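Only one chain is shown below, in structure tokens, and it's the form predicted on its own.
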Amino acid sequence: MTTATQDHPPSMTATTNCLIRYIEIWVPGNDGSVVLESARVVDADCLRALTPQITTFQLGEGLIGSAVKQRSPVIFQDLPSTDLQRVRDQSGVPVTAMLAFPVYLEDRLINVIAVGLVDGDGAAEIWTRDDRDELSVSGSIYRGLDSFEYMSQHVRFPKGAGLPGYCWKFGVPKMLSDPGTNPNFIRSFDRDRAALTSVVGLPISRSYGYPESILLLMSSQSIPLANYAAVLKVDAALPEDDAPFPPITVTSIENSSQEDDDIDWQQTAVDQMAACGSCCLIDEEALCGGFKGVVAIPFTKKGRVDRAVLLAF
């Protein structure tokens, strides 16, 4: 790993009401390494930029390198953890879990996104194919969902069943609002303290045309994962070799955490994503949507960008 000068961290105080309080975006480097592109703290008034000490991870090294080597999301939670401690030290945010996941355009790695989560009700799950050719939980974090956690360890999803099976079969992200009443979310959390309000399913990597794993991100009534989440259906031409994305047009908002959501600043976020040709973290000056920043994540199908996921703060 490579280090750089560290900014002095502020005091550890909660300043905004969402579980994600820290974000890193990494890009591929040389010889299988990944290099830090951006690190931000989610504050109430801005997404504050940092210059962390560690700026490079080798393949398989730490949380970030493990996500690249495994081609799958990775979750680290609870201390002692070198990755948790480095984020707590450099950001001043009392993160209790770190989640990293790789983003691919077809088979080409473009980014690794890492987020730091603070305490609060919610969950994240990694679903991978097992020896029965079904999906089972291979990694997870649960808060306020004890019964749901126990149930999830004994559930299997065949292709097409439930939200994980849907993302696996069709290879696209999908978001469910009000999962307690949604027939596509077949598990119950009625006995738990946490009341889930939305679930986002993200397909990660591909093998023989199908995702290798599915990441589920769950927000609760008491604290959302982000202040805004959405899955956008987009239209784009096939990209050319070694060229930026072609123009991408948002055709619809398939689902979002905001009622009566119109396409407005979302197109601006997608334009920024197309311009940089990868995931991007956009500051409020370019948004005009009332948010301090947004992470835009592209997802491809049949060689072209087909969906985009937005997480705004």
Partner chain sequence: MNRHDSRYVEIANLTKAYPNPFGHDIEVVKDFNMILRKGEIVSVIGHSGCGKSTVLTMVAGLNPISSGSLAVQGREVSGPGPDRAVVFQSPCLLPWMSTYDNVMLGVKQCYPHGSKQQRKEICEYYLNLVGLADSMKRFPREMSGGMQQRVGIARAIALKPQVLLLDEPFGRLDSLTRMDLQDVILDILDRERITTMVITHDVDEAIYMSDRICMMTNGPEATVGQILDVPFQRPRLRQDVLDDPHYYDFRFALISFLEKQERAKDSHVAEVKQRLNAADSATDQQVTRV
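Residue numbers count along the first chain shown, from 1. Bear in mind the structure is a predicted one, so any value in this text is a computation, not a measurement.
Below, we turn to the form predicted together with its partner chain, even though it does not appear here.
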Open item on the list: What I'd like checked is whether 233, 299 and 302 together line its partner chain in the predicted bound form, meaning each has a non-hydrogen atom within 4.5 Å of it.
Closed with: no
- [ ] Could you work out which of 107, 78, 240, 131 is the residue within 4.5 angstroms of its partner chain in the predicted bound form, going by heavy atoms?
- [x] 131
- [ ] State the residue from 166, 157, 228, 142 whose non-hydrogen atoms include one within 4.5 Å of its partner chain in the predicted bound form.
- [x] 157
Open item on the list: With the partner left out here, check for me: in the predicted bound form, does some heavy atom of residue 183 sit within 4.5 Å of its partner chain?
Closed with: yes
- [ ] With heavy atoms only and a cut-off of 4.5 Å, decide whether residue 206 touches its partner chain in the predicted bound form.
- [x] no
Open item on the list: Under a 4.5 Å heavy atom criterion, is residue 187 part of the interface with its partner chain in the predicted bound form?
Closed with: yes
- [ ] Verify the contact flag for residue 162: yes if a non-hydrogen atom of it lies within 4.5 Å of a non-hydrogen atom of its partner chain in the predicted bound form, no if not.
- [x] yes
- [ ] Go through 112-120, 149-157, 196-204, 90-98 and give me the stretch that gets within 4.5 Å of its partner chain in the predicted bound form, heavy atoms only.
- [x] 149-157
